[in-house]
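A single chain, nothing else alongside it, follows as structure tokens in the form predicted on its own.
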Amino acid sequence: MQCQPRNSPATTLVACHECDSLYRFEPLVPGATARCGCCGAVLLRYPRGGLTRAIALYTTALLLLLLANAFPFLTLEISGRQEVTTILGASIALYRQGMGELAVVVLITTVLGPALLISSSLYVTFSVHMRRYLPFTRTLLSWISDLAPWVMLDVFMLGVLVAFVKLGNMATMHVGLSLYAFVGLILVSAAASAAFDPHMLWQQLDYRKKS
């Protein structure tokens, strides 16, 4: 027997991604989760703290990204010589060593990708929160899921830890302010992603368009 969805004041039509049951919902309140009455799958959720929390986290992530790229990341001291590197400097050094493809990958996954993802997410959440149709809001929201795979901050940090182990007996390494900002960026970005729900934002945009 096919389970019939419950009726509610119709505003937005949502299909369950598990059993294809159709539901209509009004915008959810912060902290609420809508589940399918047939299979129990999550249809929509509104993370706790609402859009205000997402905006605060993405703003913090943007500031940390700027700090991570504005100050030295590591300082290597070998035989009295000091070599200071930054995140952008690491990409440039790879290019100068003839590893152009790897340099581009590092640049995209640690600088350009995070900058585009954070700024786009902040722009979209701010637009929905202010109840204004800022230009390109829908376009950016559709692109965010495509940008996410290009952000590999944790992979870069893993590479840094490996370098610590391998160079520990060869050089004295001094941690710069940028590294602390980068670690904070990884943590805050994860929290911001958890507070960002594209389905909820699409629902909010559709509801305000109709109203």
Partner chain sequence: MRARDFGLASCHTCGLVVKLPAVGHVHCPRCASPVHSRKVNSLSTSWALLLAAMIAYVPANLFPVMSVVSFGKRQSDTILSGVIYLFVHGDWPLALIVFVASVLVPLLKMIALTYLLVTVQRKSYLRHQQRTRLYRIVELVGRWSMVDIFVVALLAALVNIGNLATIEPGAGAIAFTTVVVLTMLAAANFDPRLIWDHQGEK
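Residue numbers count along the first chain shown, from 1. The term rigid core refers to the maximal set of C-alpha atoms that superpose within 1.5 Å between the two forms. Fair warning: this is a prediction, and the values are worked out from it, not measured in the lab.
One more form of this protein exists, namely the form predicted in complex with its partner chain; it is left out here, but the text below deals with it.
This chain lacks the partner; the member of Leu66, Leu177, Val29, Ala41 within 4.5 angstroms of its partner chain in the predicted bound form by a non-hydrogen atom is Ala41. Taking Ala56, Leu62, Val183, Val160 one by one, only a single residue has any non-hydrogen atom within 4.5 Å of its partner chain in the predicted bound form, and it is Val160.
In the predicted bound form, at least one heavy atom of Ala90 sits within 4.5 Å of a heavy atom of its partner chain. Although the partner is absent here, Ala190 lies well away from its partner chain in the predicted bound form, with no heavy atom inside 4.5 Å.
A residue is said to contact a partner when one of its heavy atoms sits within 4.5 Å of a partner heavy atom; Thr109 meets this definition for its partner chain in the predicted bound form. Using a 4.5 Å cutoff between non-hydrogen atoms, Met152 counts as a contact of its partner chain in the predicted bound form. For the partner-free chain shown, Met173, His199, Trp202, Gln203 of 172 to 203 come within 4.5 angstroms of its partner chain in the predicted bound form, judged by any non-hydrogen atom.
After superposing the rigid core, the Cα of Leu44 is displaced by 2 Å or more between the shown form and the other one.
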